[in-house]
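The form predicted alone is given below as one chain in structure tokens.
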């Protein structure tokens, strides 16, 4: 196989979709000669069976097994078929890749990720001072590690409120019993801390982009959420023009010198902008930007390879993204091969 070999994770294209399939699709529709390699943590990830987007899949050990286990698997992939670049797309694995970027570079495997300082700066518990520096607001938020702290936090907030994990999942709760149930559910799956946040009103507006690491942008696209999943994931949306929101994104890049992909999640009520979350990677809706003519995954890859990149963010507002379910038929032997061999068929 010729051309670039790019591995990417987050190929869990379900009702809680990961970004990987959208990233792979963007790369396949670029002018790059690329072989896409899926990095999967579950043999039932749909991306493992989407050969029209992902050419080959490998099963990795979970991030809680540590860097060395993942790194050895990446080296095996490089030895078997070559590996030019890795694009990690899941929050839980990013700290490992960020900390050990030099290990990848020594093996000739590129990445384009934020620094540890940048990653820490956008952590949910640190967003209040960053939001203030950007001239916007952050909802009242409490960090909790047990039910008693949860109860105390909710005394300071009106219902409905939001109970959310530090990495994944967020639920709107309308009473104490509902809050305790969601608190326990998130803690059992993702651990502590659990954040309890004021519910703010407004439109859910997001910005996806790539920072060049020097305060500049390689392109950005803004969209409004129209419908979401039960967990608040972007399902259908519309491209928008919003000068104030894009100015916030530009300030964010200048303030942090952000390096790599990012997503700003905001609630906008008239002239008031609330920062809800900053994701340090591409969101699952990244292909929307590609469909609008701003192929951010390609720009990230090209820039990391030292190529000249078109950094314009010109796109048409009023275009809709419609996400839908789709059935792919596969042989049970494909799943068996992934389970026993740790990789998909050639």
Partner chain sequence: MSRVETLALNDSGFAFDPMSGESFTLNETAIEIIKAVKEGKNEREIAEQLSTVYEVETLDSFTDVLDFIKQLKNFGLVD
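Just so you know, these numbers come straight off a predicted model, no measurement behind them. Residue numbers count along the first chain shown, from 1.
One more form of this protein should be noted, the form predicted together with its partner chain, which is absent from this view; the next part is about it.
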Exercise for the section: Would you kindly say which of 224, 76, 143, 124 lies with a heavy atom within 4.5 Å of its partner chain in the predicted bound form? Expected result: 224
Fill in the blank from the handout: Only hit among 43, 317, 292, 69 for heavy atom within 4.5 Å of its partner chain in the predicted bound form is 317
Handout entry: residue 241 within 4.5 Å of its partner chain in the predicted bound form, heavy atoms
Key = yes
Practice task
With heavy atoms only and a cut-off of 4.5 Å, decide whether residue 186 touches its partner chain in the predicted bound form.
Solution key: no
Handout entry: 4.5 angstroms heavy atom contact with its partner chain in the predicted bound form for residue 94
Key = no
Exercise for the section: Would you please decide whether residue 249 lies within 4.5 angstroms of its partner chain in the predicted bound form, comparing each non-hydrogen atom pair? Expected result: no
Handout entry: Interface segment, criterion being heavy atoms within 4.5 Å of its partner chain in the predicted bound form, picked from 116-124, 232-240, 86-94, 257-265
Key = 232-240
Practice task
Just give me the residues of 199-229, first to last, that have a heavy atom within 4.5 Å of its partner chain in the predicted bound form.
Solution key: 203, 205, 224
